[in-house]
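Only one chain is given next, in structure tokens, and it is the form predicted on its own.
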């Protein structure tokens, strides 16, 4: 590993001064769990890392609105903080469920919510869950701030819409009354390994009728991807074998699934058909 400088600004203004939008060898670091692996492999050779660990205020903490309508989650919140938050477990149980097979406790103790999103690896478990929940990211930079849907962060494999001097400050996550969500992680190796396919589903059901839903595919594609055509098949429909088969076929037809070391495109297409149907049935079973 080559030498580099690491700095720890104590204010947002200082952080912006230390970042350089024109120099890719200067970048912010949150928990650093993914970035350090890239550095050890000599894939990335930084000259300066700007640590965000001393930034508090909006970058830290988990807060729920007084009326219970949503959460504010600071970007430097660790996965362990999410995992063990009683409020998150009560109102967004899909987060706690996802943590059961997300890496290991050492990673969860360090990895941060904002850094995980900014890394933009399509195999990550939490990004599709945030998209399925309808979360929005507050992005700050020297030119001001903007609030965008989480899915708007991702532009491709390790590619984001963030400028080099922009930072994710916090997430806004709605709590939708009457909605349930789950995350399906399909891996051909150990349960905590990268998935061959990830599928996040959030839905509002009335008996076995789907009033509304959000379907998000990850791992098998180059970024977390809403399955709009499959959603259209299911929205307003009664859950049944024919409807689920049609939704599975629509999902396969609308996505460009990629082959890799975890399976061929054809294999992952089969996984998508099977697990989409199972996920919808699992949500319906929770309502019984």
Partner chain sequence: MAVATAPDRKGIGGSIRRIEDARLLSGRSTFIADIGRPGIWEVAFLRSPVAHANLVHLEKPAGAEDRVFFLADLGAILPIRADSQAPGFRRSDYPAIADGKVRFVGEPIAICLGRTRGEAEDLAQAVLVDYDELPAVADIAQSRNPDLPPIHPGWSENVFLESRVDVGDVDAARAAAALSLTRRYRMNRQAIVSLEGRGVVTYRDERTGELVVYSSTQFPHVIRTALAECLGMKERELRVVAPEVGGSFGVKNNLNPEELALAALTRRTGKALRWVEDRREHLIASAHAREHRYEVTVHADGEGRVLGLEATIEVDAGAYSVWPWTAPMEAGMAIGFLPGPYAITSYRATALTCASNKSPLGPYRGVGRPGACFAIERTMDEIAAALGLDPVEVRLRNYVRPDQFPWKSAGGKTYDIGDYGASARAARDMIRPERVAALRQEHAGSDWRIGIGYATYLEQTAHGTAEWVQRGLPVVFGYEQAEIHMTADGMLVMDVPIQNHGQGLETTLAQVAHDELGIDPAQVVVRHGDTSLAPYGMGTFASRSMVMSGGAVGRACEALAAKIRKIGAHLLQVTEENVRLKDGEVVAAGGASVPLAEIAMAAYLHPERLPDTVEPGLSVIASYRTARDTGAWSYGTHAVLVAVDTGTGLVEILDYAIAHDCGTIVNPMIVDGQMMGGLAQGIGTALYEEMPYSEDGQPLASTFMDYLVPGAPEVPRARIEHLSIPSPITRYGIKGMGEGGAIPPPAAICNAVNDALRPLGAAIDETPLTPDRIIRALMAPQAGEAGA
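Positions refer to the first chain, counted from 1. On a predicted model such as this, the values are computed, not experimentally measured, just so you know.
FYI, the form predicted in complex with the partner chain isn't displayed, but the following is about it.
The chain is drawn here without the partner chain; in the predicted bound form, the stretch among 87 to 95, 147 to 155, 207 to 215, 183 to 191 whose residues come within 4.5 Å of it by any heavy atom is 183 to 191. Taking the partner from elsewhere, residue 262 is found to have a heavy atom lying within 4.5 Å of the partner chain in the predicted bound form.
The partner chain is not drawn, but in the predicted bound form it has a heavy atom within 4.5 Å of residue 271. Interface membership of residue 17, defined by any non-hydrogen atom within 4.5 Å of the partner chain in the predicted bound form, is ruled out. Taking the partner from the other structure, the partner chain in the predicted bound form has a heavy atom within 4.5 Å of a heavy atom of residue 42.
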